[in-house]
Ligand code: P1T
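Only one chain comes next, encoded as structure tokens, the form predicted alone.
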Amino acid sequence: MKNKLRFNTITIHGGQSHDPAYGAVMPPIYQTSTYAQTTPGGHKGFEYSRTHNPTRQALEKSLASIENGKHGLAFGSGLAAIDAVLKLLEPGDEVISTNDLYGGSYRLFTKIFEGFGIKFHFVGMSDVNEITNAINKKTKLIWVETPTNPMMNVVDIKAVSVIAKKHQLLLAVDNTFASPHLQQPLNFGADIVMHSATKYIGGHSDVVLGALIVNDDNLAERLFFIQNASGAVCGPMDSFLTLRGIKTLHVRMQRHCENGKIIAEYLNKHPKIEKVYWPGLEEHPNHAIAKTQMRDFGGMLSFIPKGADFDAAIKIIENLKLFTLAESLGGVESLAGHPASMTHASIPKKEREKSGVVDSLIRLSVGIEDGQDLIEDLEQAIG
């Protein structure tokens, strides 16, 4: 067999082995908090499940494999994973972040870590010069989200990594919207990749889980220490469900991308739609960059109806039948959301609108249903 497996095979076999006890093909759910020892410190590699659990370990190896990384860490949520990254910093340190990012990340940055003396600069990263201009001697971390939530801006990871390395800064990339199937930031120079594995990696809207993937041994050791010391780990059942989701990631993402393209092109030609945000459209300002670092363009998109206000956008969403009005994204079912009142409500209105998150913006997570059925649902909802 070839030494280098292709992605579709890695999702199923990467980092995995049959269970040594009975040869189970799928890693068992080790629903235990502790492990028997023959003498103090004499154990089989596991002593307490906050520190290590065989099911979580199997997931962490798979996560590292699908991101082409060396070390994977699994957490109780995506925000718990981000929290661990920020705990690498000290009071007085500064972070440069994408200005168009998930509201929960913004809330964690501004409402929690700013209180501990860490300063955040939110800049538009489509122009990497904005990053360079924000760097000073206190800067320690660049936080990138690409594609961004919900405006679907694409940041040039390789270009940002050059800047980070020049100034000896850590570069972390939130890869949730793309998934490892479409984009592997470590390959472009990122130091840390973060996922809300609740989304595409889990893929079935039945688990909440976060992940970090790194290559550097020292960085991994620091993060493993934080993971264990802070204790925001995921349980064995959630680990099992996420590992099961990974095994179909490649086939799900293919359909998400197919349907995303169908819906984006349909909306882009619709007479009642003013603007569509999807990186696969040639008129998208970052389309060329997306083509260089993404294998396809994904199933996430946002749009603005013509002449719509807050109430008109809400009416369209409430009229949808197949698209479910709900938080989250990346599941097999199609979801619709209103960022201004849902995922990004924690960001002040003035700040939201600076990055384009206006009251009329609607975000879609396009699922894997029949694409024509989804178009017909949008048609009747838009009217």
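Just so we're clear, the structure is a prediction, and the values are computed from it rather than from any experiment. Just count from 1 along the sequence shown to find any residue number.
There is another form of the same protein, the form predicted together with the named molecule; it is not shown, and what comes next is about it.
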Original post:
Of these, 208-216, 268-276, 84-92, 237-245, which stretch puts a heavy atom within 4.5 angstroms of the named molecule in the model of the complex?
Top reply: 208-216
Original post:
At the 4.5 Å heavy atom threshold, is Y200 in contact with the named molecule in the model of the complex?
Top reply: no
Subject >> L171: touches the named molecule in the model of the complex, heavy atom cutoff 4.5 angstroms >> reply: no
**OP:** Please check if E318 has a heavy atom lying within 4.5 Å of any heavy atom of the named molecule in the model of the complex.
**Re:** no
**OP:** Consider L301 of the chain shown here, and say whether it contacts the named molecule in the model of the complex, taking contact as heavy atoms within 4.5 Å.
**Re:** no
Subject >> Complete contact of H52, A64 and V193 with the named molecule in the model of the complex (any heavy atom, 4.5 Å) >> reply: no
Original post:
Between the options G72, P305, G260, G78, which residue brings a heavy atom to within 4.5 Å of the named molecule in the model of the complex?
Top reply: G78
Original post:
the named molecule isn't shown here, but in the model of the complex which of S105, Q183, T139, S97 has a heavy atom within 4.5 Å of it?
Top reply: S105
Original post:
Who in 349-377 is close to the named molecule in the model of the complex, meaning a heavy atom within 4.5 Å?
Top reply: R363
